[in-house]
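Here you get one chain, nothing else, as structure tokens; it is the form predicted on its own.
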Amino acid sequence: MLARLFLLFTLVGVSSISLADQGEWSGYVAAEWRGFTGSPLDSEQQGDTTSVSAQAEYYREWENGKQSFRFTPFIRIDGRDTQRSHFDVRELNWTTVHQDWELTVGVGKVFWGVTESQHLVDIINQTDLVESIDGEEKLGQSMLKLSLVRDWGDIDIFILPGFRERTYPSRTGRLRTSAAVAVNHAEYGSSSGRDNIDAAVRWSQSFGDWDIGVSHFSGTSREPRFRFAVDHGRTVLIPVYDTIDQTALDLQATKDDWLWKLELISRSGFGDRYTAATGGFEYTLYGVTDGGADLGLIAEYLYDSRDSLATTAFANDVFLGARLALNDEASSELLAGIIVDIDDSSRIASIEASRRLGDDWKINLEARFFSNIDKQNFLSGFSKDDFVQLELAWYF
């Protein structure tokens, strides 16, 4: 109910302006093909798929930038997986900016984090898992965000009504857990269910070469745990969204060609309080080719104190990767990496590449390869889902 009031307030706040005449539209339309190199683990799962997606953004500001309105809808239509076909409002908010404070009301997206392999501290928005298994794509979140600018740091205060459940592939979709997730039977630790109102606060500051953020979140976990159940004679996973408290630290130090990064959380609500961390470095070699390309070498360690009881695949893992930026006119980029489980040697390798084609087009390549996946590993459901994905997008 409160989430609807926030949206109403957002629309009322901009109702006096002419959106069609004075704002700017931008966005893209894309066609995607995803091809799998082998047969699925479950015979019910289907093979290669094609889809189309589109995202638009309307942005309008007035009073010399002190007031602004943003609307960002997103849609995907998938040729095989009905649950991957979805519509979401990524952003729909009004922002007012003043000398030492800023207020945003509506649906928004907020990113916290510094590491490459995973973002432990990034907890405001829910993961849109049907878009990508790397957790980078997020659903819009209803929020009231108050930012205070002080000499001793910036404070962001969030009130978060209207919980969003994580998206999952259907039973016939690929890149799903061994048993399908019964998204319509989600359970909650709070008696208020998805109507529970969450809250968060974050302090951030820069000290020379150091950027630091300290945050606390109290509310419904964006990451569910699962319990097995039987639904119409089939084994399914029931997502359980516990009520948690999470205190987090994100830290980045820029030392010449080195970036040192750390994300650390302490969380209660999943049973005993536990800690998790991701930390490492990125070292950049500048001008490695005659064309002026830069090569970044990345190494990170991923830790979770719950070990085998963790609700993530990354409890004792190492990530090694490389980022190549050609710095050419087409903005060609490549990111490749591998995560290795130290305990059972399970491995997931990834490649992401992109290149502009002229002024309005862009081609994106993504690939994931799973090898030596232990049957007890959290990634076991993906063990037969090696894939290559191509996307061609037109930007306007």
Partner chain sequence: MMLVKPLLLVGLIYSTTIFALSPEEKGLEIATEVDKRDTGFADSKADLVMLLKNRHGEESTRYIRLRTLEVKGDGDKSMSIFDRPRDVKGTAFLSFTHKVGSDDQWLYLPALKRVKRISSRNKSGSFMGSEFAYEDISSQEVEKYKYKYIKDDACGDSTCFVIERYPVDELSGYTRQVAWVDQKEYRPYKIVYYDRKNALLKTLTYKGYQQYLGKYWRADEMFMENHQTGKTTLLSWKNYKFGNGYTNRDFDRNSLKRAR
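Positions refer to the first chain, counted from 1. Keep in mind that what you see is a predicted model, and the values were worked out from it rather than measured.
One more form of this protein, predicted together with the partner chain, exists but is not displayed; see below.
Undergrad: Might residue 33 be said to contact the partner chain in the model of the complex, defining contact as any heavy atom within 4.5 Å?
TA: Judged by the heavy-atom cut-off of 4.5 Å, residue 33 is well away from the partner chain in the model of the complex.
Undergrad: Considering only heavy atoms, tell me if residue 115 and the partner chain come within 4.5 Å of each other in the model of the complex.
TA: Contact with the partner chain, yes.
Undergrad: Does residue 307 reach the partner chain in the model of the complex if we count a contact as any heavy atom within 4.5 Å?
TA: Residue-level check for residue 307: no, no contact with the partner chain.
Undergrad: With a 4.5 Å heavy atom cut-off, would you call residue 208 a contact of the partner chain in the model of the complex?
TA: Residue 208: contacts the partner chain in the model of the complex.
Undergrad: Looking at the partner chain in the model of the complex, is some heavy atom of each of 102, 256 and 286 within 4.5 Å of it?
TA: Every residue of the candidate spot has a heavy atom within 4.5 Å of the partner chain in the model of the complex.
Undergrad: With the partner chain left out of view, which of 165, 78, 131, 91 would have a heavy atom within 4.5 Å of it in the model of the complex?
TA: Residue within 4.5 Å of the partner: 91.
Undergrad: Pick from 46, 345, 327, 50: which has a non-hydrogen atom within 4.5 Å of the partner chain in the model of the complex?
TA: Looking at 46, 345, 327, 50 one by one, just 327 meets the 4.5 Å heavy-atom criterion.
Undergrad: For the chain seen here without its partner, which of 309 to 317, 223 to 231, 237 to 245, 197 to 205 has a heavy atom within 4.5 Å of the partner chain in the model of the complex?
TA: Only one stretch passes the 4.5 Å heavy-atom test: 197 to 205.
Undergrad: Mind listing which residues of 49 to 79 have a heavy atom within 4.5 Å of the partner chain in the model of the complex?
TA: 57, 59, 61, 70 sit within 4.5 Å of the partner.
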